[in-house]
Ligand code: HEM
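Take a look at this single chain, the form predicted on its own, given in C-alpha cells.
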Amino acid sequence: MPSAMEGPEVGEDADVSRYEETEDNNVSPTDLSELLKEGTKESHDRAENTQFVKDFLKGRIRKELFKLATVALHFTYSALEEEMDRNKDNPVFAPLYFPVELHRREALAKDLKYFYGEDWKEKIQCSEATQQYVDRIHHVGQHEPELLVAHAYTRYMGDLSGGQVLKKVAQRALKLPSTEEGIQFYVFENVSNAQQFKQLYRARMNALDLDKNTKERIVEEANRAFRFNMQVFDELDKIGRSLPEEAQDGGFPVHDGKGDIRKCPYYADKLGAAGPGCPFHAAVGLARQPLVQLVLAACVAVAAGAAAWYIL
C-alpha cells in the first residue's frame, strides 16, 4: 500500500510460525503485489482526499459518525469473511486464508456492543452504499472467487498499515478508553509483527498461479473496491453534515493532516506513539494552559498520506 505507516507489534503470545517466511527481494513488475500497488495509486489518492477521510485524519470525527462507520465495517467484513470461509480450500484463494490472524467479525462485534449495548444487532442496519459493497463481495465469492484476492488485500493490508494511525486518532478524538474499547477492529492480537506478516501476505499473493488476464482483473476489482469505499465515505459525509458539531478535547483539532504523528512527543504521550520531534509538546503537563493550547493547535502532527481508505 502506498504511503502506508506500519502498524505496531502486538500479541506476544501469537502463533507466528505461519509467517516466519521472508519476502523475496527480487520482486518483479509482473508480480501481483506490484501490479496492485501501481494499478491502484490513482484510486488511493482519490480515496484519501474524500472529505470524510480528511476530517477523520484531522480528528474531526463525531462519535455518532464513528459508530455508523463501525456498522458499515461490520456488514462489509461479515460478507468478506463469509466468502473467504466459503473459498478457504479454493486454490485461487486458499494461500491467503488467515482467519486467526486477520478476521475482524468478532472484534467488530465487541466494538458494536461497546457503542450500542448488548442488543446492538437490533439497533443497526446496513446502509445503501454499504449494501452495494456487500452485494459485490458476495457475487465475487460465489461466482469469481479469484477476484476475492482484491477485496482481501485492499482491506486487511490497509488495516495493518494506516489503520493503526486511525486507531490512535479515533481513540484520542473520541476520548475512548485506554483499554481500547470501541477500537478493537484495529487490534490484531494474533499478528506479532505487522511488517513481517504483510511481507508474507504479498509473497503468498505473488505465488498464486494466475495468468496475466486474471491479474489484470484482480487489479480492476481492487479499484472497484476503492470506489465502493469512497461511496461509503461520501454517504457518511452527507450524514455528518446533519449532525451537530462536537467540541474537541482542549478546543483544538487532533492534528491538521500534515507531518508525522510519530515525531510529536505530545502525541507520543496522548496516543502511545514514539519518536523525537516538536519541542513545544515536550512539556505535556502544560497542555492545559491557554498559551500552550494555542501552540498545540498550530503543531504539525500526522502524516497526510496515511492510506486514507483504511477506515472502511
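A residue's number is simply how far along the shown sequence it sits, counting from 1. None of the values given here were measured: they were computed from a predicted structure.
Not pictured, yet referred to below: the form predicted in complex with the named molecule.
- Query: Want to guess which of 91-99, 146-154, 117-125, 178-186 is within 4.5 Å of the named molecule in the predicted complex, heavy atoms only?
  - Reply: It is the stretch 146-154.
- Query: So in the predicted complex, does any heavy atom of Gly158 sit within 4.5 Å of the named molecule?
  - Reply: Answer yes; at least one heavy atom of Gly158 falls within 4.5 Å of the named molecule in the predicted complex.
- May I ask you to check whether Lys168 falls inside a 4.5 Å heavy atom distance of the named molecule in the predicted complex? Lys168 lies outside the contact set for the named molecule.
- Query: Is Arg202 one of the residues lying within 4.5 Å of the named molecule in the predicted complex, judged by heavy atom distances?
  - Reply: Yes.
- Message: My question is simply whether Lys198 lines the interface with the named molecule in the predicted complex - judged by any non-hydrogen atom within 4.5 Å.
- Response: Lys198: yes, in contact with the named molecule in the predicted complex.
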